[in-house]
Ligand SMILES: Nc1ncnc2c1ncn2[C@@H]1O[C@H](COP(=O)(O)OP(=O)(O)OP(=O)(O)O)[C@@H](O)[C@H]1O
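Next up: a single chain in C-alpha cells, the form predicted on its own.
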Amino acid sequence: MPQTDYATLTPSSPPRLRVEGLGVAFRVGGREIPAVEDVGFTLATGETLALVGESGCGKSVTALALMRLLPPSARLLGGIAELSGVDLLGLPEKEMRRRRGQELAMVFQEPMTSFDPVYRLGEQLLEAIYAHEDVSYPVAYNRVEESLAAVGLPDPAGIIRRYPHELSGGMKQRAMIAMALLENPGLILCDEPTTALDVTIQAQIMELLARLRDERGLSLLFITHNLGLVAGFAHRVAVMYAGSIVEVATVEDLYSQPSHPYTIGLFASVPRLEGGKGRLVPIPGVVPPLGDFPPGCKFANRCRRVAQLCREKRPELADLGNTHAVACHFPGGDDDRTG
C-alpha cells in the first residue's frame, strides 16, 4: 500500500492545521522514553477531528505539544505543526505566547480545577484578555460578558462576580469555553471536556461546541476515549494506540468499516442496548509499557490476526482510499492469522 500523504485526508486545501512527524519523549530515571511517535493529521477550517484512544495512549501529550505546554520532563523529538502555514514548533516562546489564545486555545479536562479558586471568575477572564491586548477595562469587561453569554451562561454580570466554587461543573466548563473564545481563535483543542460531567450536561456541552463551531467556523481537535460522543459530533476520527495513530477515517467510514484490529476491538467492547443480551468482547492482553514496544507492530501482542511480518516490521499509516488510512499490514477482514 502507498504511504499516506497526510494532506489528502481532509477536503480542505490548504488545511488550517497540518501536523506531521510529531514526537515527544519523557525523561524517566535517566532514560528518555517516547510517548508520542510520528503523529500526523490535518484539520480543515470548520472541521472537528476526534482523537480517540484509551488512557495513556498520548492524546493529551499531543495536544500539549501543539500548545507548547509540555512539562519540563518532556522533550519535543521533532515534527512540524503548521497552523495557517506557520510552524508552531519552531516559533520563539515569546511569539508562541502571543499566538496562544489569539490563534489557538485549549479547553482542559477538569473544569473543577481549571480555575484559580482564590480569584473571582471575571478577574481570571479579564486577565486572559490583558495578556494579549492593551484595552480599557470597559472594553475587556464587555467582551467577557459577551463571551459568557455566547456559551449560554445566564446572568453573565453575576457570573463575573462569582468564585469558581460557586459554579456547578457544567457552568465551569462553559466558562472555560468562554475563556477559550475571548480572543476569537480559529482552532480550539478540547481535551476530554466532558469527562467529569454527568451525561445530561455532557450532551449540553457537545451541543454548545457544535453550535460555536458552525457559527464561527472553528476547527476543533476533540480528544476523547468515548466513542459514543464521536458519532454525532465529529467529521473525522483519528484512532491512537500506544503513542501512534493507527487509523484515520470519516466518522461514517470508521463506524461502518473499521479496518485496524485495535479499532475493531474498540467497537466490540462498547456496550450496546439492542437485545440486552450482547456480550462485550474485551481486547486481549495489555498495552506495552512506554519504552518497551516490540520491534514490529505495537499491537502485535494483542492482535488476533497477527502474522510474522507484524512482529518484524512496523506498519506505516497507508491510504485505503476515500480519506481512509490505516497502519496495518493486513487491514480489515475477520480472518485469523498466526505466526
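The model shown is predicted, which means the values in this text are computed figures rather than measured ones. Numbers follow the displayed sequence, beginning with 1.
A second form of this protein, the form predicted in complex with the named molecule, is not displayed here; the remarks below concern that form.
Only one listed stretch (308 to 316, 295 to 303, 26 to 34, 40 to 48) carries heavy atoms within 4.5 Å of the named molecule in the model of the complex, and that stretch is 26 to 34. Contact with the named molecule in the model of the complex, judged by any heavy atom within 4.5 Å, is made by just one of 103, 192, 82, 253: 192. Contact check for residue 65: no non-hydrogen atom falls within 4.5 Å of the named molecule in the model of the complex.
Among heavy atoms of residue 200, none comes within 4.5 Å of the named molecule in the model of the complex.
Proximity of residue 291 to the named molecule in the model of the complex falls outside the 4.5 Å heavy atom cutoff. Contact check for residue 73: a non-hydrogen atom falls within 4.5 Å of the named molecule in the model of the complex.
For a residue to qualify, one of its non-hydrogen atoms must sit within 4.5 Å of the named molecule in the model of the complex; none of 206, 210 and 215 qualifies. Although the named molecule is not shown here, in the model of the complex the stretch 52 to 70 places heavy atoms of 54, 55, 56, 57, 58, 59, 60, 61 within 4.5 Å of it, in sequence order.
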